[in-house]
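In the block that follows, a single chain appears as structure tokens, in the form predicted alone.
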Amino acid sequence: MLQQTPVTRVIPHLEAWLTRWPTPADLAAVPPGEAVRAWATLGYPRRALWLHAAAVEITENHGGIVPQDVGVLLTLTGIGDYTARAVAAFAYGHRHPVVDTNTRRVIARCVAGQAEPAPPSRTRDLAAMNALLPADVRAAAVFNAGAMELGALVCTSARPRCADCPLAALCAWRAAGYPEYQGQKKTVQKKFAGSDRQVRGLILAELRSTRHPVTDAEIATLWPDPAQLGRALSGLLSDGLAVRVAAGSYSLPHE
């Protein structure tokens, strides 16, 4: 849930999710559409389908216990480097570099002297964090968490609180006089307003709001551009976030 989503938005959804489905087996026992429904407005709803698929895999292949080996975690649907290492480090206490957007920013500024990190690179980012990670397992977990918190609360993207930073005396960016970033920038996502993502969200919200199939006529009322509605609906069907239950009617996935 935390992937590309602020903690404050995640907490209420996480609490409700774990109350309803405290174990992978509990989640695996319901249709995937229920996971999409419970995902609500978190965004990037394919994550809900992936999480449900992972719960099924954990239940069927791992006795209902989330694996602790990074290599095994990476075989689960929807689990990438960040999530696999975060689970291994924070849930099981293993020593692994855990790199998120906030960690990358802290390293870029404090170590590399750059205002912002270069576009993500699995090899480079993990190597950079691993070089800083303490050898002690418990200290490594604290360091991982501390780097994330520092980036989230102090070394923020737009308004870094350098006067409050415990690493201020060590920061290469500060020592260099806060130079502007001149390197390659990652691709900026298009605005949400008016985008196909917004239209997909409107259709998905309509599907979540009812236990009955939603018709083409009902979908047509959600957005004024029929071509954009068609693209959005086709994308949802292709992604498995919606299913056609009859000619001209749709629902959340139920199998």
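In case it trips you up, residue 1 is the first one in the sequence shown, and so on. A quick note: this is a predicted structure, and the numbers were derived from the prediction, not measured.
The following text describes the form predicted together with the DNA, which does not appear among the structures shown.
Novice: Specify the contacting stretch among 61-69, 217-225, 201-209, 22-30, defined as having any heavy atom within 4.5 Å of the DNA in the model of the complex.
Specialist: Stretch with heavy atoms near the partner: 201-209.
Novice: Do W173 and the DNA share at least one heavy atom pair within 4.5 Å in the model of the complex?
Specialist: No, W173 stays farther than 4.5 Å from the DNA in the model of the complex.
Novice: So in the model of the complex, is the DNA close enough to R138 to count as touching (4.5 Å, heavy atoms)?
Specialist: It does not: once the DNA is placed as it appears in the model of the complex, R138 has no heavy atom within 4.5 Å of it.
Novice: Just to confirm, R105 within 4.5 Å of the DNA in the model of the complex by heavy atoms?
Specialist: Answer yes; at least one heavy atom of R105 falls within 4.5 Å of the DNA in the model of the complex.
Novice: So, in the model of the complex, is G43 in contact with the DNA at a 4.5 angstroms heavy atom limit?
Specialist: Close contact exists here: in the model of the complex, G43 approaches the DNA to within 4.5 Å, heavy atoms only.
Novice: Though the DNA is not shown, can you say which of A115, L76, V154, C110 has a heavy atom within 4.5 Å of it in the model of the complex?
Specialist: Answer to the contact question: L76.
Novice: Using a 4.5 Å cut-off on heavy atoms, what residues in 149-184 are near the DNA in the model of the complex?
Specialist: Read in sequence order, the residues that approach the DNA (within 4.5 Å, in the model of the complex) are E149, S157, R159.
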